[in-house]
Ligand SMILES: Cc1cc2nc3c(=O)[nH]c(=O)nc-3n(C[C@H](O)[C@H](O)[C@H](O)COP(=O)(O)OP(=O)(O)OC[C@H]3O[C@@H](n4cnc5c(N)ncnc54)[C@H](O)[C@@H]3O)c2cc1C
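The chain below stands alone and is given as structure tokens, in the form predicted on its own.
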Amino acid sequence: MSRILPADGVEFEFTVPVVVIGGGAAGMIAALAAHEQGAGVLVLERDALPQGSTALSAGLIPAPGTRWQRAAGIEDSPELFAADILGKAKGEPDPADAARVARAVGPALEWLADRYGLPVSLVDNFTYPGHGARRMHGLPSRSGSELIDRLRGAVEAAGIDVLCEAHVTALYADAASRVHGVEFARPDGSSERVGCSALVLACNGYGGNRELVGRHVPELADALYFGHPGNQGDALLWGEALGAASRHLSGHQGHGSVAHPAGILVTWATITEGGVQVNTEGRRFSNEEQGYSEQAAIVLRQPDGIAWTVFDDRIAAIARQFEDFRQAEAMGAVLTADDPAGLARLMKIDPDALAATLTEVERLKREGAADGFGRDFAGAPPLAAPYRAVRVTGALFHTQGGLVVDDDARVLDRQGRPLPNLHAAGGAACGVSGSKASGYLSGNGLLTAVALGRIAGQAAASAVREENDR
């Protein structure tokens, strides 16, 4: 239960300068940044092991103007990236917010590589929808689990305290909305109180809270939730109770290609490299290239909420750089056949319908034409035997709306003034995707985790120094 309790007369068992709630990418990066600035830090994580939504993602971070891009001969800049963010979201996000994270993420990624040894590399063999340059970066396995493991290792090596199985249930604040400390519950039912000079909310959004999802994202109220169950909206509820402004609460990231029933993410490279989706009738039903986020609700509108992602061996070779795809193959979720008819039999759908669909797709590719849904097939490579297919459904990954923050990731009140000592990063802060799933540009989730995480940690440490100097 998320509560705000009066701080007057409360005694804390101990006090640390900076408390970070949440041990995902945003929280770990905030902790590293604050520690580097000389502040004492405590990370409170509700799970037995810090993972968060990061571990469930592909671990890919979009960043412009990096040394990895330059090595690959790719020209990019924060201005171009910010323009892509705003273009995908139809201008809904605040341009200052887009510019802030676009400027900050590249230096943050190089900092993580240089100072903490993260083996970052560029995804240079395909372009994600909506990105004007190849700017997606990741670790060797292209998995979020590797990313969070590396960050956790960096935090441990730095000697930063991380307290797991510590579920924060309340904040202690005064009448001026200054947070003086937090209360957290332990597995044995006991509770402890820790004081702080600055607090960073890095406990993501509310994707795991069915009530809030039903209120703000009703079209996905009954969808598979593919995020972390601990994302209960605590940061949003605490912030709003303290008078914070929130924005774009209906914004979210969905995904239209989660293997079903295996529950494994199937990379959208299966689509961008020339694959398509069909429903259980063997027919296409949308412009798949609009983006995987908005495709979630579209897939769920199909019979039984099911679709098939159809591609070929060439595309499968590209997809294998992602650990999730390799797991899907190992589990037998990826079907293979030498011709469309054989594939349709494995899929248990009408062979004639699938054959007709794929014949039409190949005609559009040959002619470089667009279909009735608006997908332009010009330049798309043809599909060739052996063919592949994965049974998928649509899912909610995480919410994108949240608390409004400034250039120092300080949470703002409804009049645009910063709350005294409260910062937010990652899914706890309002993202840059606007109010719709279609506004989500690939990587926007980890973009704000990395960029705002570092900003929040640095700013929290600075605030502590300033308080000590007074």
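Just so we're clear, the structure is a prediction, and the values are computed from it rather than from any experiment. Just count from 1 along the sequence shown to find any residue number.
Same protein, other form: the form predicted together with the named molecule, not shown, and the subject of what follows.
Trainee: Looking at Cys196, Leu343, Ala166, Ala98, which is the one with a non-hydrogen atom within 4.5 Å of the named molecule in the predicted bound form?
Mentor: The residue in contact is Ala166.
Trainee: Closest heavy atom of Thr66 to the named molecule in the predicted bound form, within 4.5 Å or not?
Mentor: Judged by the heavy-atom cut-off of 4.5 Å, Thr66 is well away from the named molecule in the predicted bound form.
Trainee: Under a 4.5 Å heavy atom criterion, is Phe81 part of the interface with the named molecule in the predicted bound form?
Mentor: Phe81: no, not in contact with the named molecule in the predicted bound form.
Trainee: Using a 4.5 Å heavy atom cut-off, state whether Gly457 contacts the named molecule in the predicted bound form.
Mentor: No.
Trainee: In the predicted bound form, does Gln253 have a heavy atom within 4.5 Å of the named molecule?
Mentor: Because a heavy atom of Gln253 falls inside 4.5 Å of the named molecule in the predicted bound form, the answer is yes.
Trainee: Heavy atoms, 4.5 Å, the named molecule in the predicted bound form: which of 66-74, 402-410, 23-31, 431-439 makes the cut? Say which one.
Mentor: Result of the contact check: 23-31.
Trainee: May I ask whether Thr127, His131 and Gly291 each come within 4.5 Å of the named molecule in the predicted bound form, counting any non-hydrogen atom?
Mentor: None of them does, since no heavy atom lies within 4.5 Å of the partner.
Trainee: Relative to the named molecule in the predicted bound form, which residues of 417-432 have a heavy atom no more than 4.5 Å away?
Mentor: Read in sequence order, the residues that approach the named molecule (within 4.5 Å, in the predicted bound form) are Ala425, Gly426, Gly427.
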